[in-house]
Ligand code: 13P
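Next up: just one chain, as structure tokens, the form predicted on its own.
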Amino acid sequence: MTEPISEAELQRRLAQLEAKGLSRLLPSADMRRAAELSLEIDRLKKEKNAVVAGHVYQRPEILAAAADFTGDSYRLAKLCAQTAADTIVFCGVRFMAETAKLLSPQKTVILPAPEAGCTLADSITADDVRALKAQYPGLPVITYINTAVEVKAESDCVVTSANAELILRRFYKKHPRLIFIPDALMGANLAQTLGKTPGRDIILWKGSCVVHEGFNAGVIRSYRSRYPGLKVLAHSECPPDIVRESDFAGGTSGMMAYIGKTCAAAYMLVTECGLGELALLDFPDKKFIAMCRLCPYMKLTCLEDVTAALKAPSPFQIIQNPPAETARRALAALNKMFELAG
């Protein structure tokens, strides 16, 4: 039988969470609940030899009170592959948990919110990729990591928002044309950066992210006039007009690094709201102006889900290994990314 949590333990954990800045984002009643659940999660992690991976778009209480490591999809993929834990509880969306399983097939990978999907990943299937390859024979297929494992298996190389430009430059040294899937907005931004023409040098798919496709460049211009010295950081999944209005465009890791090494009057993060919450925790002395949209999938996971998944995961929460040949080919595309990105 589990020992009840003492009030002294609870107060110590509350103090730890307050030191991380979580009380700036949660009301006091939710802070107490987060402290209680985080103590239970810690106990279960030790009992099950488990770790919790948290994507930067997750709820702040997941990142501050449960996650052993946080980051973008690239960082989490590498850290999940390196962990000595037997079980990975992945607080993110399905394609991310599938990637963790692909890199650690012997581990138990659990997705606490099994309904957490991704509009971008859902925009393309393996059949779609095979049709593209038949239409454009011989062109290398470069695939954004926000895709299902079956799509990765049809690809030559996987990329993330942080390393896509570097990897595409390396492919263009040997190939005059290539296929980039599935994010048409990111593809358009990459084409502009690399001096390529969509439809001629780079073949794009029609996918987009429900979060990033809806931002308005006029709002950025309005905020710049109201906040002199404002630095605008946009995710590279945003439309090209947003990227053109920004001081920096890239992945979430690059955005956080930019904040860490600069000093601005204020920062606007044009991406999912979770990154702004993480920035408030990591940079409490810096000022942030809100321009974000909530991802309905990233926000599905709560601390209660993590606790329940650690206690007794349902079959729907456990990520299964794909067929051997699919896994082999998808892993080859991921390893090509690691090779080219360093």
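From 1 onward, residues are counted along the sequence shown. Only a predicted model underlies this, so the values are computations on that prediction, with no experimental measurement involved.
The next section is about a form of this same protein that is not shown, the form predicted together with the named molecule.
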From 96, 249, 142, 153: within 4.5 Å of the named molecule in the model of the complex by heavy atoms is 96
Applying a 4.5 Å heavy atom distance criterion, does residue 189 contact the named molecule in the model of the complex? no
4.5 Å heavy atom contact, residue 101 and the named molecule in the model of the complex: no
Please check if residue 55 has a heavy atom lying within 4.5 Å of any heavy atom of the named molecule in the model of the complex. yes
For the chain seen here without its partner, which of 104-112, 70-78, 199-207, 83-91 has a heavy atom within 4.5 Å of the named molecule in the model of the complex? 70-78
So which bits of 12-36 sit within 4.5 Å of the named molecule in the model of the complex, heavy atoms only? none
